[in-house]
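The same protein chain appears twice below, in two forms, each given on its own as structure tokens and labelled structure 1 and structure 2.
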Structure 1
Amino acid sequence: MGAKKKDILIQFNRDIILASARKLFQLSGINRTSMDEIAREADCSKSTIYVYFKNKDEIINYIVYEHMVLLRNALQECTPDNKDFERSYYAICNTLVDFQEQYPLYFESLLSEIDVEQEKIQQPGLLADIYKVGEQINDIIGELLKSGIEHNCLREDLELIPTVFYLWSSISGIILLANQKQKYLKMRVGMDKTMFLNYSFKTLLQSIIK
């Protein structure tokens, strides 16, 4: 078999395994899905899976990476020139809401800790790719904040990097709470999910603008 055909076959088999894992993760959850179940869904032996992936964690990381790329690309479209801070800010908030609704399983995975040991992220490989995309996502928010400060929209005392993580964690936390506490918010606050999200995003924005 030629090298090109071999590469195509390898990619084909990897794609089948990843597609099977995605399906099972969605149905049963990541933690409750075993390698045996992935093998059955992919119609192959467990030993075959280990030819293409070191372990279940590597499969998870590949799928998380795919979704990080999707999110990065979507966020890039929110900030075409960074000239209108408020419009771009709300576009980012709404994009994250849409992403959580479409990929709830992986939205929470994006908030989990990534292995950032220096020697691992400096070497070519999946963990380095995940780290790189994560930094690109942070940079999108960072560039927007920098533009907001330069255009005199935001408080001058804001520290850029801490504020990036403040916004990222706050927006994500708001989205998770709005999704998980819908009945309680309706009963206690008198707001449906959309009303609470709009109120919270506006309040968050007011904490950083002049």
Structure 2
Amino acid sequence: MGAKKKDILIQFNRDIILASARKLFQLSGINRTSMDEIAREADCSKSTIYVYFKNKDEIINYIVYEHMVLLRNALQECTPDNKDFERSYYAICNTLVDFQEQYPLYFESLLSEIDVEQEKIQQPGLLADIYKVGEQINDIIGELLKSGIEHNCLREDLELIPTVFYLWSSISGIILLANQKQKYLKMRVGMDKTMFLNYSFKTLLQSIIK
């Protein structure tokens, strides 16, 4: 392994480290993953990590960034032409559900993505990039809504940006809970996760369409 790595992957070490971190974060959570563990998994010395990354935060931010890009790309494909509003709406919902299932960790980080200080966002860097992708995600939903309004399928008293956040927060909340109460729902009303999600997304849709 060590030899193989040296010969073939010399320049991909950054990727190896990232892959290790990604794997361990997914496995045991970000905080419970130590730099020692990442080093062990990446089959390199702890100090080597510090050659490639300034500190743990840089690794975390990078991986968060990656996942946001993933999500953004997936969301972009949901609204190919913004023609069929409902179809696009459900596509977005399902994309978020899939994302939550694949990357529960980063789904949560999406929700707790706190209001970063302006200064940090304005300096170029990972944080600024993360912020930008966040904006792009908002824009995707915003564009969809705009076209929905133009096509006259949405209630007329809607305000664009607030509605973006309204939808985003409701959908996220619904997905989060669907996951947590999975067993409970099954037991109590014989509904599986997907059924609950569909029911909720449909109901939520009622609040904005004519």
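Note that the coordinates shown come from a computational prediction; the quantities given were computed from them, not determined experimentally. The first residue in the sequence of structure 1 is number 1, and each one after it adds one. Throughout, rigid core stands for the largest set of C-alpha atoms superposing within 1.5 Å between the two forms.
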| property | result |
| --- | --- |
| Pair member that is the form predicted together with a further copy of the same chain | 2 |
| Threshold 2 Å Cα movement between structure 1 and structure 2 for A178, core superposed | no |
| Core fit, then M191 C-alpha moves 2 Å or more between structure 1 and structure 2 | yes |
| Per-residue C-alpha deviation between structure 1 and structure 2 [R155; rigid core superposition; Å] | 2.4 |
